[in-house]
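Have a look below at one chain only, the form predicted on its own, in structure tokens format.
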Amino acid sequence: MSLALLRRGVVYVFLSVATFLSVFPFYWMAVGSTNQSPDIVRGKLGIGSNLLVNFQHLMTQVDLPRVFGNSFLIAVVSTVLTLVISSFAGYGFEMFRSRIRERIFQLLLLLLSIPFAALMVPLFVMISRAQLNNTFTAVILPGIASIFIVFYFRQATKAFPRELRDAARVDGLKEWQIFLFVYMPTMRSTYAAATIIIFMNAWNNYLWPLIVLQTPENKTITLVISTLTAAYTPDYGVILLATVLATAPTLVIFFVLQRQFVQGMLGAVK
């Protein structure tokens, strides 16, 4: 009995330490957004009274509504298009059989091993020739056919009951109707999990927007935060406040879809 209690105590201690290490950076970031820069440098951990001042300074340096609007537009459009295209592809790879299906899919998985840094120059040349530089389209297009999301949907589709598809065919539904009215409602948790993954990746995307977005009015929130940190004397209170505001949308979406995210991930693993 004592050995079991000892093991449970060790587990709780480990989980407590892991929780502290996970939560403390967010706490420090939120508290730092209320303090002045000298207080943050000194390591002050208490809540300050400089939140409104930091917000005023942030608004004077950044067109916050426009920046957030740019980020939301890119993230939402990227999420919707990626969900549509990748779910179609994942459904097709699993439901339709052919001799070369597995070879094509293996080739796609092999392409995942290519780092994005190796693709930046060819992508930039293609975007330039298409005259899409400094447009949101240039940011969105390269990511809407995500191989990882295609793989994720295919793995999740393995758990989709084929009897439902057969019954829908007997009722006279065409393949696109089966996809829209049978497959999509059944795979709600998978779509929710994929939504979180895609939205967070699109929202936090930094390197590619840095390359293709050149004018200040098209900048996203990640690029603006990078600009704030590059100042000769950075105002850490303003930087941390901007970081808190930039983190809030992804946290909201994750907590709203948290249950479906867990169910979707378990379904994909199965």
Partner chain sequence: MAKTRLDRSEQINGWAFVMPALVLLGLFMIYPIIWSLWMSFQVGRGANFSFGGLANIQRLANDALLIKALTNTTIFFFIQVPIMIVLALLLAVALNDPTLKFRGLFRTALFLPCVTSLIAYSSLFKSMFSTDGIINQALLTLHVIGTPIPWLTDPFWSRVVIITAITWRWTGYNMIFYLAALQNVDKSIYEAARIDGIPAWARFTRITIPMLKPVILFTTILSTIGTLQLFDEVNNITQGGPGNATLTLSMYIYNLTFRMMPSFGYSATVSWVIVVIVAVLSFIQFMIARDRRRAT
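In this text the structure is predicted, and so the values were computed from the model without any measurement. Positions refer to the first chain, counted from 1.
Beyond the structure shown, there is the form predicted together with the partner chain, which is absent from this document and is the topic of what follows.
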Query raised in the report: So in the model of the complex, are Ala4, Gln106 and Tyr191 all sitting within 4.5 Å of the partner chain, heavy atoms only?
Result: no
Report task. Taking 4.5 Å between heavy atoms as the contact cutoff, choose which of Ala168, Ile74, Met200, Leu83 touches the partner chain in the model of the complex. Result -> Met200
Query raised in the report: Is the gap between Pro115 and the partner chain in the model of the complex 4.5 Å or less for some heavy atom pair?
Result: yes
Requested in this report: Would you check, heavy atoms only and a 4.5 Å threshold, whether Lys158 touches the partner chain in the model of the complex?
Outcome: no
Report task. Verify the contact flag for Pro65: yes if a non-hydrogen atom of it lies within 4.5 Å of a non-hydrogen atom of the partner chain in the model of the complex, no if not. Result -> no
Query raised in the report: Can any non-hydrogen atom of Gly172 be found within 4.5 angstroms of the partner chain in the model of the complex?
Result: no
Report task. Between 6 to 26 and the partner chain in the model of the complex, list the residues on our side with a heavy atom within 4.5 Å. Result -> Arg7, Arg8, Val11, Tyr12, Phe14, Leu15, Ser16, Ala18, Thr19, Leu21, Ser22, Val23, Phe24, Pro25, Phe26
